[in-house]
Structures are given as C-alpha cells and as structure tokens.
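Okay, here we've got a single chain as structure tokens, the form predicted alone, with questions on binding and movement later.
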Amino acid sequence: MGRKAFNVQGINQKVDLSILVEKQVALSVKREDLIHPFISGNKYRKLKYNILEAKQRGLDTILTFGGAYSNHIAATAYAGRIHGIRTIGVIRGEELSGNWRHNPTLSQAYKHGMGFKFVSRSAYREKSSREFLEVLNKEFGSNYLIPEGGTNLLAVKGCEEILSQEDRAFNVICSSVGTGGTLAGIINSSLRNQRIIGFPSLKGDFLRKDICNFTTKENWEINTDYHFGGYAKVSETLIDFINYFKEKTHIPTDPVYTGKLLYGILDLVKNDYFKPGTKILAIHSGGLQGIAGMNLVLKKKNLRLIKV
C-alpha cells in the first residue's frame, strides 16, 4: 500500500451464466478483491486517505473497532505494519480475550502487529461516546481514530476511486453495503444516468440516512431483500450459491457481503427486474479472509462449508 500502489484499479471480469444469456443481461464483476493480498477491496480504498492523514498529523497510532472476523481489523493491521504505524483494535466480545489465537482473523492481525483491547458487547455499544473514547485515549495515548468499518469522509473519498473511465459503459452498478461508505463513494463518482443499487448485509432500512450524509445524488436505491437474516447470517442456500458461483465463474465470494450481493443480482435477473440489454457491474469488495472464520462456525453447526 505504498504510494505507487495507490493508483491500483480492479479489473472487470465478465460473468458467463446461462440465466444471463436467457434474459439478455450482461454482468461483470469488478475484482477489487485482487488489488492487494491483505488490504483488499473497499478496505484498501477506505484506508488510503486515512493512512495519509494520520501520517500528515504525525500520529503513530491508529485505533479502530471491529468484531471477531472483521475485514476492517485485518486490513488495518497490515496497513499499519507496512506504514510503520502502531494499530490497536478494540474488539467486540470480551470472551475472545482467552482464545483469540484460535481465531484466524485476529491471529493474523496480531501477526501483522495489531494490539487488542477486548470489551463486552454492552461496552462496545458505547464506543462512540466521549467517556468511552477518553478511557481509550488515557490507555493508548494520542491516536488517529477510525470508526468501525472504516467509514468517514476520507474513506468515502477513497471509495470514489473504485469506478474507472471504462465503467461508464454500465447502466447499473451494484455493491454490497455495510456501513454505507463504499456505496456513497460509488454514487458520488457515478454518472447521473447510471443506476446504483446497494445490497445491505444488515437487516433494516436504517442505512439510507447514513448514506445521505455523504452524497447529494439521487440515482441510487437500497434493496433489503437479500440480507439472509442479517449481518454474518447465512443459510445453506447462500452457501450452495457461493460454491456454485465459484465453480462456474472461478470468482470466490464471501458469505457476509459479496456472496449475498451476487445472489441478489442473479435472483433479480431471474425475475426480470432488469430490462434486456442491461449492462450490470457488481463491485467485489473483498472480504475473503473472513471465509476461514465462517467455516469454523459452519463446521460447529455441521453445515456445508464454503469452498476455498
């Protein structure tokens, strides 16, 4: 993630499936997951200007938040390592403090230099409060604070660089939605005649207001039909789809974000939501590191695993 790497661009990979031919709809996937082995997809974009800002302020510590299998935690740890910045992850779930070394995401983040502070779920809900942050500042000293998921104005600025000149040829651009920063960046850099569709991984329609904080355009919509029960919730139907999609297209997807996104797009295609001749671009936001953790959960439940 050095300065030369800041201009990387995900490649567009065309998807060839019979349903797309039948419905006369074209689908390509922007492989943002390939732009960096550890800081892939939207996490690369979100961290880019935040890392530069921290360095310009002369701050040598980044403090941020996340759960047990957080893509943001994993990416921040590696970004800090290669930039010589100490990283601290405030992790949701104090029960993890005794066995985090068996967690693939946290053990990798630790390997890349991140320190942890494990807090209870009730305490974690207060992570934005002044009192909570004052305690962290006393414990870790001066730091550059990045919110959970990485979304802030600088993150949106980075995500505005996802789309390239060639992407102007697409009628519809689809992205998964976590905190809303990625979608806002895509909306900001889109053409007004392009239609932007966000597929939330969380239950509910509360993200609309958050996204409006970062964009003034109106060429977008949120589809809340494909969250599969909420954040990090999966079903055998979703697992089967992820494995099928990889087998047919050689594109791996994760069960939290991109797997649900592609499932939703193809289900809409199947149900004639898109007119014949529509050209769709799906943004692959990375997150593949989380598959190992999800497979541990699936194995405990005696469910089928996601093929890697």
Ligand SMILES: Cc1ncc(COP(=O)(O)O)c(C=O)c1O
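All residue numbers refer to positions in the sequence shown, first residue = 1. Since we're looking at a predicted model, the values are computed, not measured.
In what follows, reference is made to the form predicted in complex with the ligand, a form of this protein that is not presented.
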{"query": "Of 89, 180, 80, 158, the one that lies within 4.5 Å of the ligand in the model of the complex (heavy atoms)", "finding": "180"}
{"query": "The ligand in the model of the complex: contacted by all of 45, 50 and 76, heavy atom 4.5 Å", "finding": "no"}
{"query": "Interface segment, criterion being heavy atoms within 4.5 Å of the ligand in the model of the complex, picked from 279-287, 53-61, 244-252, 262-270", "finding": "279-287"}
{"query": "Exercise: residue 151 in contact with the ligand in the model of the complex, heavy atom 4.5 Å", "finding": "yes"}
{"query": "Distance check, residue 71 to the ligand in the model of the complex, heavy atom within 4.5 Å", "finding": "yes"}
{"query": "4.5 Å heavy atom contact, residue 65 to the ligand in the model of the complex", "finding": "no"}
